[in-house]
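Take a look at this one chain, the form predicted alone, written out in structure tokens.
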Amino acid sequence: MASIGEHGGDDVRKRLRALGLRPTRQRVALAELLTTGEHRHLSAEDVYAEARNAGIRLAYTTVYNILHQFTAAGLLREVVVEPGRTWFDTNTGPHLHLLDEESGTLQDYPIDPKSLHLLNELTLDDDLEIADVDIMVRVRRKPGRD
């Protein structure tokens, strides 16, 4: 995702066009907002609040729709933690997620999908290939450890 906005608004517009998305004011503003700094996991509510704080005036529904458009275009990854709890991940490269069940924080853990030996055990029809691997590891403190 970082490549979408590395060099400013014109590059963002070009990247959106290349992905078949019209570079509307709202899409450009959210793309620039999402590409600032490190990779992050954000809910639609988080993005809406950040946009408002940055002076970007958008309806919540517009933010939600744009996040799903970015996900469909491959600019974001949707991470469903549990029903009704979804984050949008700006890191679309290969990685798995560690979810701390106590704090609710989600952390990226880099991984080479080729190192997942379980994938070698899959028997797929000849016309199928693995498109993506989505792994969520849930962690918590051991009892008695503070």
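Note that the coordinates shown come from a computational prediction; the quantities given were computed from them, not determined experimentally. In this text, rigid core is short for the largest set of C-alphas that superpose within 1.5 Å between two forms. Numbering starts at 1 and runs along the sequence shown.
Just so it is clear, the following notes concern the form predicted together with a further copy of the same chain, a form of the same protein that is not shown.
Exactly one listed residue, out of Ala54, Ala44, Leu116, Leu58, brings a non-hydrogen atom to within 4.5 Å of a further copy of the same chain in the predicted complex: Leu116. None of Thr86, Asn91, Thr62, Gln69 but one reaches within 4.5 angstroms of a further copy of the same chain in the predicted complex through a heavy atom, and that residue is Thr86.
Although the partner is absent from this view, Ala49 stays clear of a further copy of the same chain in the predicted complex, with no non-hydrogen atom inside 4.5 angstroms. Heavy atoms of Asp132 reach within 4.5 Å of a further copy of the same chain in the predicted complex, making it an interface residue. Taking the partner from elsewhere, Glu32 is found to have every heavy atom lying beyond 4.5 Å of a further copy of the same chain in the predicted complex. Proximity of Arg25 to a further copy of the same chain in the predicted complex falls outside the 4.5 Å heavy atom cutoff. Contact residues in stretch 67-92 (any heavy atom within 4.5 Å of a further copy of the same chain, taken in the predicted complex) are Glu78, Val80, Val81, Glu82, Pro83, Thr86. The Cα position of Glu129 differs by 2 Å or more between the shown form and the other one after fitting on the rigid core.
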